[in-house]
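Below sits a lone chain in structure tokens, taken as the form predicted alone.
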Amino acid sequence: MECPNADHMTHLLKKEPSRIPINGTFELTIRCNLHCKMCMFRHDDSENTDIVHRELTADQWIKLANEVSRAGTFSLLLTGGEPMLRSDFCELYEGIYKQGFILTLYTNATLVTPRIMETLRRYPPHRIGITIYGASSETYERVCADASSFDRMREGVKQLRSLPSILDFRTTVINDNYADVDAIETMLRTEFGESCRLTQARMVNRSVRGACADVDACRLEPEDNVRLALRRSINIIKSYVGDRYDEKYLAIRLADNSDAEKHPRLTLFGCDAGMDSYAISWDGKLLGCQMMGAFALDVLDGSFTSAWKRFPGIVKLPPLNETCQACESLGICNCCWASRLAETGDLGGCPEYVCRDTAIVRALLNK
């Protein structure tokens, strides 16, 4: 399906859905204290000096927070890299918090200091997303190249739990921590409370926007992706229905998730990106989402509002390749424009890794 040209797209967007930047992401840095081998965003350490010089300052982020608030943003995610790595994190966080957002903070919880805790106690975020990479120092060494970060994470989580914030625990599963998934779940419940549970993405894409990770060398085979997702889905359903569990619950769940045709929508990318959500990168670029670097506008060159209004005009998507157009699994495919670009280097590419994953899901649905 060929994307309409920019003028036609702008006309359609005026007629159909409103574009209001309700949900924002501020990527405060792409630097990180960990060296996770599958990270989509971290650049090589040799680039850090240049990155520090080009990162937006605390004052610039606070000014942007004021702008996006006036433009309609009320839900804001602060992420990285690792946000707490910034020496001005407390000043920056406080200034953004005071704008009145529903605030979410993503962190690996290894850099929680007394000063940071004092700031967060005074200005607690609504939600904290904590990424956990394993259930032992050995796994953290394999995944993050830092065995000591496991204990620092545990201590950081204990401190963050004292806040009135909702805690979400996430992980990225690769070959090096695949065997730890159940152990992570157990650790969360035994150390941090019965209500602490793990949510996790099923598939790891290649790195984007110049990041340095060699994802192909460590990510799971598609068969293992699906096997893990299926097992965890069954466990989640069983936790709700107990002895009444039947495989029909899973069939309904899969079918509901794949039924996109009943909900046609006019969007820029087929999702919320650039419609009611956006990201601003560490160096001040307006993006549709953090994964999609192909289309960007400098928010410091004018204002956020003007960049947001101009954004649809720069989104020019190629025709979808013939292989994908003809695929019977297109409706359930996990691929978006951003992951096509990440996997193939081409916005219209056909990612073999995702195709294999989708074929396995299709076989499950057919059963």
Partner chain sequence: MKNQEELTKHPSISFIACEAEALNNMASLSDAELKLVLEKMGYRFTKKFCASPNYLHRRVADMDVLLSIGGNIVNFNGYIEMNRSAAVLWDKLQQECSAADMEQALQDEFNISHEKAVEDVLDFLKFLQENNMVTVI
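Remember, it's a predicted structure, so these values are computed and weren't measured experimentally. Positions refer to the first chain, counted from 1.
Quick note: we don't show the form predicted together with the partner chain, though the next part is all about it.
- At the 4.5 Å threshold, heavy atoms of Lys238 stay clear of the partner chain in the predicted complex, well away from it.
- Among heavy atoms of Arg122, some come within 4.5 Å of the partner chain in the predicted complex.
- Among residues of the shown chain, Ser303 is not one whose heavy atoms approach the partner chain to within 4.5 Å in the predicted complex.
- In the predicted complex, none of the heavy atoms of Ala217 sits within 4.5 Å of a heavy atom of the partner chain.
- Contact here is defined as any heavy atom lying within 4.5 Å of the partner chain in the predicted complex, and by that definition each of Tyr97, Ile102 and Pro164 is a contact residue.
- When the partner chain is considered in the predicted complex, only one residue from Tyr178, Phe74, Phe192, Phe269 comes within 4.5 Å through any heavy atom, namely Phe74.
- Comment: the partner chain is not present in this chain, but in the predicted complex one of Gln60, Asn334, Asn48, Ser69 has a heavy atom within 4.5 Å of it, namely Ser69.
- Stretch 122-130 is the answer when you ask which of 122-130, 206-214, 178-186, 79-87 has residues with heavy atoms within 4.5 Å of the partner chain in the predicted complex.
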